[in-house]
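One chain comes next, on its own, written as structure tokens: the form predicted alone.
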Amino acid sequence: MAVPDRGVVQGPPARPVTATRFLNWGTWGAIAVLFAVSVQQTGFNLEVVGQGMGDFLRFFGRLAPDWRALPQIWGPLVETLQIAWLGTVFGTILGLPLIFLASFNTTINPPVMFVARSILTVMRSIPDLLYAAILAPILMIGPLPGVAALTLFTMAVLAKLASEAVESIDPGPLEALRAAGAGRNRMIVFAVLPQIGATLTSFILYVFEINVRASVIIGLVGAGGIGNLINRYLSFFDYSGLGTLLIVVFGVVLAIDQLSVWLRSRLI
């Protein structure tokens, strides 16, 4: 009599082909319906877009750079980079406690974790440009509201990303320190930070990249930096100066992106 092979582990029953096809068709159908409804309600029209391409190209033709504008660009450009840097530094410092309070394996208790995650959710739901628009009338027009806006944005984004990294660490060192009677702070310092140090640094560099781009835009609402200069060029129809500014900003952002990618590749 043949002996059944008990070493073979039976997996879950396969889903019927008909059900799989139904789900696939249902998913694609839902996507198509949402696309059609969105096109109708937003008034998207390829014909209108095509008709506007001529004006679009003519406008770009007026952005021929005037390099004589360079001396007045450097000051606001440096201020923009300073806003991004300070927002990243302050946001990282203020966001570090939230990282561990929002992680289930390092929080104080479940209610504290719920409050921390709720705060992060609310903070992430507000765009950085809206932060700057709200803070500019309160803190005066200038770089200060820009730094404050990017600080809040950095706190929310960094704490969210890093808390997920904390929750995915190897629990072994945490359990060993807990069994030895170590407190929560010691467990974070000696078991958590060594495991997420490189990842956390990578996240900080990534957020700094985002803040450099954002610091250009938030200046449009009076938060200092290059945005104020963009407003001035647009107000006086100085498109040559605007073209020069765009080229300089593009070069600086590209250089920072490449440097950040290189640094993150060395860390991970």
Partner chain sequence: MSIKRPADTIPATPPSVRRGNVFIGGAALLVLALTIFFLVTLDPLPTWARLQSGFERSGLPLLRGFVNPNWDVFPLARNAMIETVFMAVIGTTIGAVLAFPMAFLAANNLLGSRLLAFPGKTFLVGIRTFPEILFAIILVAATGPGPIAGILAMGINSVGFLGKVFSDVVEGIDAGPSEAIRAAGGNGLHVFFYSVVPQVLPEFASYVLYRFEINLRAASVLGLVGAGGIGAVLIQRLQFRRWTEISMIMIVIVVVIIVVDTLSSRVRRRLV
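Only a predicted model underlies this, so the values are computations on that prediction, with no experimental measurement involved. Positions refer to the first chain, counted from 1.
Here the subject shifts to the form predicted in complex with its partner chain, a form of this protein not shown in this document.
Participant: Under a 4.5 angstroms heavy atom criterion, identify the one residue in I73, L96, M113, L86 near its partner chain in the predicted bound form.
Facilitator: Filtering the options by heavy-atom distance leaves L86.
Participant: Is L130 close enough to its partner chain in the predicted bound form to count, meaning some heavy atom within 4.5 Å?
Facilitator: Close contact exists here: in the predicted bound form, L130 approaches its partner chain to within 4.5 Å, heavy atoms only.
Participant: Within 4.5 Å, heavy atoms only: does F35 come near its partner chain in the predicted bound form?
Facilitator: Taking the distances in the predicted bound form, the answer for F35 is yes, it comes within 4.5 Å of its partner chain.
Participant: Within 4.5 Å, heavy atoms only: does L220 come near its partner chain in the predicted bound form?
Facilitator: Yes.
Participant: Can A64 be called a contact residue for its partner chain in the predicted bound form at 4.5 Å between heavy atoms?
Facilitator: No.
Participant: Determine the residues of 128-155 with a heavy atom within 4.5 Å of its partner chain in the predicted bound form and present them in sequence order; the list may be empty.
Facilitator: Residues within 4.5 Å: L129, L130, A133, I134, P137, I138, L139, M140, P143, L144, V147.
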